[in-house]
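The chain below stands alone and is given as structure tokens, in the form predicted alone.
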């Protein structure tokens, strides 16, 4: 069930450099959302732009949901200044959700603000006591809000080497598995910037690993009407296919797609 709900801001804080976490009271969305899904947000009640802002749900439960985002444009700057008690127009939960983690060894990989649905999955795996590996990437240490703890299978990377492993998330994967030797039931779950996820997709394909990717894209409606979030996927090679077979919608068919299903993340 999709709800339009006025979420009440109960917490809004900067958790890393330019990165914010907001917690809402939103009972209907909280009770019906699953890790990997998202909400479409109206940054303010007098917002005059056509498009809402899609934000992955970072946690849900106890009538609350949270989101994690970076303040980079007009909409997110408004969001970063939400006051406690402010009412925000939310539509959700939207999209599909993470699956297949109960029967695999999950390697969960996030970069930038794409860490939100990954942290949601991380919390579920901890709650269910499912052994897994968490990998997070950022440009520098100021953008991280987790400790680098290899002993606990929590690995951080930074482009400048200021925290954790120097490089990107794929460099961490190659460091952990130097000869690409993974257990048979390994599955990668990833969300982050398109270029990062394309590298993760290539890595999983090269190593013949099952991999699900939560794509980040601009959306207007969030439920398939505007057709603005198309994702090209591998169509039948016999030349007989429908438009919907070849072009998926991130909001309706995703945002989570299998790496073998799509042509590119960019």
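All values derive from a computational prediction rather than experimental measurement. Numbering follows the first chain given and starts at 1.
If you look for the form predicted together with a small molecule, you will not find it shown, but the lines that follow are about it.
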Open item on the list: Whether 54, 73 and 217 jointly form a contact site for the small molecule in the model of the complex is the question; each needs a heavy atom within 4.5 Å.
Closed with: yes
- [ ] Using the partner position in the model of the complex, report whether residue 200 sits within 4.5 Å of the small molecule, counting heavy atoms only.
- [x] no
- [ ] May I ask you to check whether residue 135 falls inside a 4.5 Å heavy atom distance of the small molecule in the model of the complex?
- [x] no
Open item on the list: Within 4.5 Å, heavy atoms only: does residue 116 come near the small molecule in the model of the complex?
Closed with: yes
Open item on the list: Is it the case that residue 29, even though its partner is missing from this view, gets within 4.5 Å of the small molecule in the model of the complex, heavy atoms only?
Closed with: no
TODO: Mind telling me which stretch in 101-109, 119-127, 75-83, 170-178 gets its heavy atoms within 4.5 Å of the small molecule in the model of the complex?
DONE: 75-83
